[in-house]
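Presented as structure tokens, the chain that follows is alone, the form predicted alone.
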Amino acid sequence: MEVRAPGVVKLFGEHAVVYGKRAIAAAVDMWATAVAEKLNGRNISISMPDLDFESEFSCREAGEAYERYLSEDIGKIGKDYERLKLPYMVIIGRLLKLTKNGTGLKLKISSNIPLQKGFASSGACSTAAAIAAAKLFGASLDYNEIIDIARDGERIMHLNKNAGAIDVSTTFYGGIVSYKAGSIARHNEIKNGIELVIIDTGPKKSTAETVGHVSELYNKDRKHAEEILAQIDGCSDDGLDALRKSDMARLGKAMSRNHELLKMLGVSSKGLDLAVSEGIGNGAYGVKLSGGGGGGIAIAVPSDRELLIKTMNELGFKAYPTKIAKDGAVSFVGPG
């Protein structure tokens, strides 16, 4: 059983989504793949060749990890297991409990999604793995259940019970997805294949750090922070309308405005700001950071893709094209 799940970029609303505003994300044409095979006995074998990681544990140990996850502080149990192994132990432990299945499983997870750059690579891996294991175990699950099981992996990976909502939903469904106050909306009315340029500006701060920085700002000057967050929400609304109308110039303008507001929240970096300022007028309708910020990737709507890539590469960044991917991991599940 082989399952693929795409990477994800944030088009609008990161950080503001924590405070009840809308975030908009897009699946992009890079993929995580999980291959599941039955094993004799009751052991689970996990391999991640891209990370040179292998591990094995029993079905009983997976069940115990899941029970601890339900009853204990996430941060506490995270210290007792290998960081790369625990998300998959919890996912498989939950599936074993749901299916009453004790079948051994060999799970191989690979990915061409860059790590720790803001592409939701762990979310794509968790989603592909959850679906592959569920199919192998014969689990009959609806879409919401599958998404929540995959989110268990993200909650563990990021040590945050609220993690993964938009990342997992977007890699699961593909296309463009929005999230606000616990509600997911798919936007199938938007045309497929919109081109983007990814600009890798270098190492990034952890998302936990940048989220914490915004929280400090919010607590220190709530009125000012809420004014910025409301304007970011306006960028999300404007950007979504531009996507529906295929107005790339307007889309880029909304993205660049969103970046300036994120800069005001203190989650940009010199590299990201340089990519934005030099990209506009040199092949981009608009550019913004994508994800937690503090470095990492920016995304751009190209007016002249080759000029934009050339400009960014000359600045010492790594720039490359991608497009919004119509397909998500849902295609491996069927109706649900």
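Note that the structure is a prediction, hence the values are computed from the model and not measured. Start at 1 with the first residue shown and count on from there.
Beyond what is shown, the protein has a form predicted together with (R)-mevalonate; the following relates to that form.
- Although the partner is absent from this view, His158 contacts (R)-mevalonate in the model of the complex, with a non-hydrogen atom inside 4.5 angstroms.
- (R)-mevalonate in the model of the complex is not approached by Leu98, whose heavy atoms all lie more than 4.5 angstroms from it.
- Under a 4.5 angstroms non-hydrogen atom cutoff, (R)-mevalonate in the model of the complex has Ile166 among its neighbouring residues.
- For the chain shown alone, Thr207 is a contact residue for (R)-mevalonate in the model of the complex, at least one non-hydrogen atom being within 4.5 angstroms.
- This chain is displayed alone, yet in the model of the complex one of Met248, Ile74, Val211, Met264 has a heavy atom within 4.5 Å of (R)-mevalonate; that residue is Val211.
- Figure note: of the listed segments 236-244, 158-166, 129-137, 89-97, the one touching (R)-mevalonate in the model of the complex, with heavy atoms no more than 4.5 Å away, is 158-166.
- Contacts of stretch 222-248 with (R)-mevalonate in the model of the complex, defined by any heavy atom lying within 4.5 Å, are made by none of its residues.
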